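Shown below, as structure tokens, is a lone chain in the form predicted on its own; questions about how it binds or moves come after it.
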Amino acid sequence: MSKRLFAVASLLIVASMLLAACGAPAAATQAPAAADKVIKIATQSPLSGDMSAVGVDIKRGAELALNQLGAPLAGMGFKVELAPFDDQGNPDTGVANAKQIVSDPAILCVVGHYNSGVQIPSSEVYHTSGLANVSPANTNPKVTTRGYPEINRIVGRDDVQGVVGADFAAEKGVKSVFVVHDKTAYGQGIAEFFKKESEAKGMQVLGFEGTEEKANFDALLSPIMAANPDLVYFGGMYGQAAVLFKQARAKGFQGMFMSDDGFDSSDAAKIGGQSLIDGAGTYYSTVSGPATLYPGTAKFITDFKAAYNSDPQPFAAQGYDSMAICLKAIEDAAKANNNAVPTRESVAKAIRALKDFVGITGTFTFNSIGDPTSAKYFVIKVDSADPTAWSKNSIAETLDIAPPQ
């Protein structure tokens, strides 16, 4: 290279370095980069494992809401994306995911979880980072009684649901119960509320046992069969309850079975089959019920089936409403911020500020700790061993109850 060419090249390199140090040309700073207008809403639910039948449909419900209700934010120039996370129904996985979620500044709201035992520790992470969380399914009282301003739910509580189940059992003439739970925050919690109310109603509690067994319940069934209760109650999830109930029927138990909203999945019928219909039958309490129970869900059911080629599982419609609340709060917070990306704190405040928000499963106003000011509770009877008929199970009782003060 000639000395003149070398000198020119050197000048060009110096000029490039000066431009880099001084920043981009003024023309490039006239409008924010597209990435500055990206907003994400995360979901956390079990997308794999034993509880994925419900967990996947919570995510799908939220996804459908984002697709159908995201237009206002798109009109404001935002690109809104879904960020789904698989918590596997495992607290450690949920917390690890939560740490990843809060590290992404584009995520302004979380829809989740399915399991209270996962939601409670995961929401500690959300709270520390000021990230709004709307739960479609979690019922343990501790979800809201911690008083965190970011944490909300659109369903009822176990300290009401357990009472509803026990009251129904008493009305059915049950005199004695054997209570089993899965040792989780959710299952043991609701079992304890059921036990307390059962005793208050004059029923004899013949046993109260926790188990993590999922396959062979012989050791537990021996005392159950010896006690011969009118009712076996299981606090926990369908994967355990349906196996226990099936094995109890096989040993000759003819009394009533009862469980909670953790039992509410068509997979319960796949597992339990005819054993759920035989004897005195099977009932479960729930804070959601089939989507067909709600007057505002007809279009949702049609659209869900068109999108995913299946009927929605329980809590899918609540996933839709939880996403709708996140979207509306982000929209309101953005408008208050001159259509700029809002802060996490402002989104959390906007959720609590919503009054009479009309969803497909109800109209929502949150109290000072994030509970809905009124919630629905159902008691449902299993009518068929056919999993495809799960959504057609008959409604034995419907109640609207305010949360405890």
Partner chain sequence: MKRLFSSINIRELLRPIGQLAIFSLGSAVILSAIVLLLALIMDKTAVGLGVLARFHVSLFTYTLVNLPQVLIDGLTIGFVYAAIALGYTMVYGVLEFINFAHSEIFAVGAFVGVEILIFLDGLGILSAVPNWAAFLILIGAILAGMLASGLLAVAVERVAYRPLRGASSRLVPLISAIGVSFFLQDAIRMTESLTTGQFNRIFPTFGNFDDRLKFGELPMGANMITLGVSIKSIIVIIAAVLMLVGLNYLVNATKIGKAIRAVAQDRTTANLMGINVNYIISFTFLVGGLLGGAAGVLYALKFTRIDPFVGFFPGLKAFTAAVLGGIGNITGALLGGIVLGMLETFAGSYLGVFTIGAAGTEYKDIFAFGILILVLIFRPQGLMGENVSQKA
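Just so we're on the same page, rigid core means the largest C-alpha set that superposes within 1.5 Å between forms. Numbering follows the first chain given and starts at 1. If you're wondering where the values come from, they're calculated on a predicted model, not measured in any experiment.
This protein has a second form, the form predicted together with the partner chain, left out of what is shown; the following refers to that one.
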**Message:** Within 4.5 Å, heavy atoms only, one stretch in 328-336, 266-274, 279-287, 162-170 touches the partner chain in the predicted complex. Which?
**Reply:** 266-274
**Complete:** With the partner omitted here, the residue among 202, 295, 75, 223 that in the predicted complex has a heavy atom within 4.5 Å of the partner chain is 223
**Prompt:** Which of these residues, 365, 343, 68, 48, gets a heavy atom within 4.5 Å of the partner chain in the predicted complex?
**Reply:** 48
**Request:** State yes or no: in the predicted complex, is some non-hydrogen atom of residue 60 no more than 4.5 angstroms from a non-hydrogen atom of the partner chain?
**Result:** yes
**Prompt:** Quick one: does residue 230 come within 4.5 Å of the partner chain in the predicted complex, counting heavy atoms only?
**Reply:** yes
**Asked** Is there a non-hydrogen atom of residue 239 within 4.5 angstroms of a non-hydrogen atom of the partner chain in the predicted complex?
**Response** yes
**Item:** Touches the partner chain in the predicted complex: residue 303 (any heavy atom, 4.5 Å)
**Value:** no
**Item:** Partner contacts for 52-67, taking the partner chain in the predicted complex and a 4.5 Å heavy atom cut-off
**Value:** 52, 53, 60
**Request:** Please say whether, between the shown form and the other one, the C-alpha of residue 178 moves by 2 Å or more once the core is aligned.
**Result:** yes
**Request:** Could you check whether the CA atom of residue 239 moves 2 Å or more between the shown form and the other one, using the rigid core for the fit?
**Result:** yes
**Prompt:** Can a Cα shift of no less than 2 Å be assigned to residue 152 between the shown form and the other one, given superposition on the rigid core?
**Reply:** no
**Complete:** Quick read on residue 92 and residue 214 CA atoms in the predicted complex, 3 Å or more from the shown distance, and they're farther
**Item:** Sense of CA distance change between residue 313 and residue 216 in the predicted complex, threshold 3 Å
**Value:** closer
